[in-house]
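Take a look at this one chain, the form predicted alone, written out in structure tokens.
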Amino acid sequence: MVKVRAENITKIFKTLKALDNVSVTVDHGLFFCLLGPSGSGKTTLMRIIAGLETPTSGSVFFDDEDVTDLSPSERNIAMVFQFPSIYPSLNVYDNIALAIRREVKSKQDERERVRWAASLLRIEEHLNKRHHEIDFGILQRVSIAKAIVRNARVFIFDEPLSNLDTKLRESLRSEFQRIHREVGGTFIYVTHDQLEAMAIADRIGILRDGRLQQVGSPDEIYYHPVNKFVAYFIGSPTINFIDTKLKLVESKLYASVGDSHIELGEAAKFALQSRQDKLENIQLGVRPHDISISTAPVSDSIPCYVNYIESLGTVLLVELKSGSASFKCLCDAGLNVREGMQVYAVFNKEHIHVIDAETEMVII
């Protein structure tokens, strides 16, 4: 286990700046996800940490050792890629064993470690099978077993589940935390899937256009995004952004939502005290989970109309409209609502984000 530190990493490919002065630290034994959309720079940063790419500027450290100019083998990393890395001529046992034959002291040691890895990935029954006898999901489990069987300093996973179907992806995703606990190593996991990152990571680093946006635990990033992009990228269904105007009335702060107003809490009022002359270029960020529907008027609710309804099984995703504002909420599938019906939306004030629409930074 090592602490991985990337300092001031910039990477330029001809005229494209793939990474722009990125610094990130992955502590000993952490399960760390690099998350971002396609083209954000996450794979480039992973390849620089692995030694597959050289940064244009900046350095990579494993603990206090500068490994920037070392090859992947000199760094002693283990990697899993999007597609299974399997030798078709060898059975599953020999594919896994091949990764450690320079490390082990005896055949007995080899057998014990291979069977441990196979047990962890639940592929013991496939050890004597070859490539053509097992499906794609099992092949990817073999690739992961080949990595975790090694005494590597860092384990790197480059979107290992992206080519699996939904059921296989969910099955293996749910096992990654257990695998990490058993192996006990420093895991760096690259993905574009925010649900995957939220489910398995201890900490997440979010990249956009080569710049690091935020690093934090899944809860920190979900409940306290630093900017509009992070708030939008994390969470399903996607967060609502509502243009608003703020006003102070008898020391209370109100935000417009379409034709109505809601009172914001004291925390929002305190955060906005220094912006008395800038209360118009503002948006509210509210997740669908934090808006509920009442069919009768309740305190501090917003009268609105049901625009459309989408069934998600046990819940409904309902788009509501109030004047020029539209937003989505989640409600129980048993709630008697229909399109065109007047209802009343109630916002959870504790989870309303106030966003500067110009800078796109979250104020609160």
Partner chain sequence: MTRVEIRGLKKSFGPVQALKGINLEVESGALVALLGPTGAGKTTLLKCIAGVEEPDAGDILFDGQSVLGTPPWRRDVAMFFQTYALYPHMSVYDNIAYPLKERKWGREDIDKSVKAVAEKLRIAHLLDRKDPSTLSGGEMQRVALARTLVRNPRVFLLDEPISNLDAKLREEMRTEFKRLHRELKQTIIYATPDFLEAFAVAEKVAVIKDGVILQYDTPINLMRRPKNRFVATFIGSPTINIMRGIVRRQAHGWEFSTTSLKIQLGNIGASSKLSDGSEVELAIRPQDIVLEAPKNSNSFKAKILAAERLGYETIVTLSLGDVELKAVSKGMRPYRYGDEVTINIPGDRVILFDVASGEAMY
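All values derive from a computational prediction rather than experimental measurement. Positions refer to the first chain, counted from 1.
We do not show the form predicted in complex with its partner chain, though everything after this point is about it.
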item	value
L98, L90, A267, A199 - the one with a heavy atom within 4.5 Å of its partner chain in the predicted complex	A199
Contacting member of L30, A50, I302, L330, with respect to its partner chain in the predicted complex [4.5 Å, heavy atom]	L330
Partner contact for P84 in the predicted complex: its partner chain, 4.5 angstroms, heavy atom	no
Residue contact check: F241 to its partner chain in the predicted complex, 4.5 Å heavy atom	no
Partner contact for L195 in the predicted complex: its partner chain, 4.5 angstroms, heavy atom	yes
In the predicted complex, S236 touching its partner chain (heavy atom, 4.5 Å)	yes
Which of 213-221, 142-150, 245-253, 106-114 lines the interface with its partner chain in the predicted complex (heavy atom within 4.5 Å)	213-221
In the predicted complex: members of 291-319 within 4.5 Å of its partner chain, any heavy atom	N307, Y308, I309, E310, S311, L312, G313, T314, E319
